[in-house]
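To begin, one chain is listed below as structure tokens, in the form predicted alone.
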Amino acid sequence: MTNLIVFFSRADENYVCGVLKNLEIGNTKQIASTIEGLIPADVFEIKMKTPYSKGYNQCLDEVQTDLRKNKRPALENQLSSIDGYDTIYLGYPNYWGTMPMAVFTFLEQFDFTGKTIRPFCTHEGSGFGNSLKDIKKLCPTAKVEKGIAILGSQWNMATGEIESWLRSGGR
């Protein structure tokens, strides 16, 4: 089985435990790195050509506007194919109850027929929101397995939970 870890993450000013903090590395990227250390996998980071603002409140406004307009932001980088992968670990922060629109852009570029998607998201209390439904809608021919939602502010305490999720194989 060949694994691919695909994720979108945002550093800069973030909401952490009720306060705004500057993060050098986004929480979702931290989780992706933890998974990479536990399983053999290639890694691809989804990056937007025009990133969201570094300030948290400005970012929220931009995210909400993109969501309202159902925008598909252009990506800075492209993955040529997912053909060589059986399982895709898909990571993202919960933005306004779903995935960042850049993740929508990524998912719409590929045919996920016969692929297994194992979602992981970071949040500060809202879990997956509607993102699992959105993944199933965008990738109807994929098998979307049980995901893991981790409080972004507690990513560094989640290794045991991540290991258990990886061992569960989506069950």
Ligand SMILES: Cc1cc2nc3c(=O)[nH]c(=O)nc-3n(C[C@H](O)[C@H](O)[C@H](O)COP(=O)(O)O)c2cc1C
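As the structure is a prediction and not an experimental result, all values here were calculated from the model. From 1 onward, residues are counted along the sequence shown.
A second form of this protein, the form predicted together with this ligand, is not displayed here; the remarks below concern that form.
Taking the partner from elsewhere, every residue among Cys59, Val63 and Asn94 has a non-hydrogen atom within 4.5 angstroms of this ligand in the predicted bound form. Proximity of Asn27 to this ligand in the predicted bound form: non-hydrogen atoms within 4.5 Å are present. At a distance threshold of 4.5 angstroms between non-hydrogen atoms, Glu124 is in contact with this ligand in the predicted bound form. In plain terms, the part of the chain that comes close to this ligand in the predicted bound form, with a heavy atom within 4.5 Å, is 28-36 out of 43-51, 28-36, 136-144, 101-109.
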